[in-house]
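Okay, here we've got a single chain as structure tokens, the form predicted alone, with questions on binding and movement later.
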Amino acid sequence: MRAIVAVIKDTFSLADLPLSERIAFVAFLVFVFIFPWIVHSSYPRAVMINFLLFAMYGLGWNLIGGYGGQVDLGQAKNVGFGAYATALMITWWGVPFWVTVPVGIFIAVAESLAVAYPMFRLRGHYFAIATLCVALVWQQLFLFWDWTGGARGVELPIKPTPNFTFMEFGTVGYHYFIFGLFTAQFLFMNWLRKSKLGYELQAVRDNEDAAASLGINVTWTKVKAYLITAAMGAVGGSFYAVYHLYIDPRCVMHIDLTILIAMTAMVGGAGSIWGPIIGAALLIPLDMYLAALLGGKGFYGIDFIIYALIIMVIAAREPRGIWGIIERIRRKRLIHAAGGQKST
């Protein structure tokens, strides 16, 4: 019992983070918690929910793509597996949401395990292309299969009153549900990056041959990270289904979704715990507000150009993303402070 308590305590601990980051994270949690009570407009609330959802997606992708250094362009298929498992089981048989989530996770993990070993024989852009091809195949299958609803998609039944069993609430209810999922996933990822698997992944990312010489099973290490990433994507997909009450292959399995998930981590700072959160905080509101502002005035496509330019500027300025810029500024301040102390 003590061992279990110790593991749980270690999982939910932020002691390894600098004091400034712990304070910032607590302030961020407080802000998100009170957000529905200080902002009453429905659209900003929807933006916040989508931000938390994509921060979750980014945290999951960051494990294999950031800490593992494997550019996975197939995460959308795992989102789709979770979304379809939830939508179809609720629609067909009236299965509670809480039962459908483990089923979606199992499907995503089983499929990922089946394709992982052949794909991880590839490296670099060959691996990225392979993950993209697998995701595109699944998208086309779900687009033409009749039992998945095909291009028509799946529309979940609407309950007359808020329902905890099938996770149908108002906006505030969805906000706190995704807020809880996000917080749990952040704490889990903060623990995982310090675990044996986390250190092995970083060693594999830096030099696979050197990692293998140290006794690390390179392929199995990458496979484990790939499976965990798949499970996290499926959880997000299940939430997406009950939040929107409608899914189709274009919204939960499209290549655009895969790219946006990867970009949240890469723009924010892949390989850092804060990168996906920073990236989602920039890209998701920017995407939604630009589309609403410019698209509504007839400037179709301008929002995508502005969106792309911002991404290119950040990528050109600092390949490690926004968090890399923050760390560079922090190092300069430390060096300057150290120099000032020496001069005195």
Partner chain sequence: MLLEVKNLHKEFGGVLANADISFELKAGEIVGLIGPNGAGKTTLFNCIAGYYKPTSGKVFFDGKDITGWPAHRVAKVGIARTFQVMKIMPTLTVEENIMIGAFCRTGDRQVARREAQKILELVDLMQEAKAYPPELPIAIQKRIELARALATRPKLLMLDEVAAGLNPLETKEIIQTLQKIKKERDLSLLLTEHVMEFIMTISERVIVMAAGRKIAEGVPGEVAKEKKVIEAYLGEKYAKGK
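Positions refer to the first chain, counted from 1. Only a predicted model underlies this, so the values are computations on that prediction, with no experimental measurement involved.
Although not depicted, the form predicted in complex with the partner chain is the subject of the following passage.
Three-residue candidate spot Tyr199, Asn207 and Arg331; every residue lies within 4.5 angstroms of the partner chain in the predicted complex by at least one non-hydrogen atom.
Judged by heavy atoms within 4.5 Å of the partner chain in the predicted complex, the contact stretch among the candidates 212-220, 247-255, 99-107, 148-156 is 212-220. This chain lacks the partner; the member of Leu136, Ala203, Ala184, Ile259 within 4.5 angstroms of the partner chain in the predicted complex by a non-hydrogen atom is Ala203. Although the partner is absent here, Lys224 is not a contact residue: none of its heavy atoms lies within 4.5 angstroms of the partner chain in the predicted complex.
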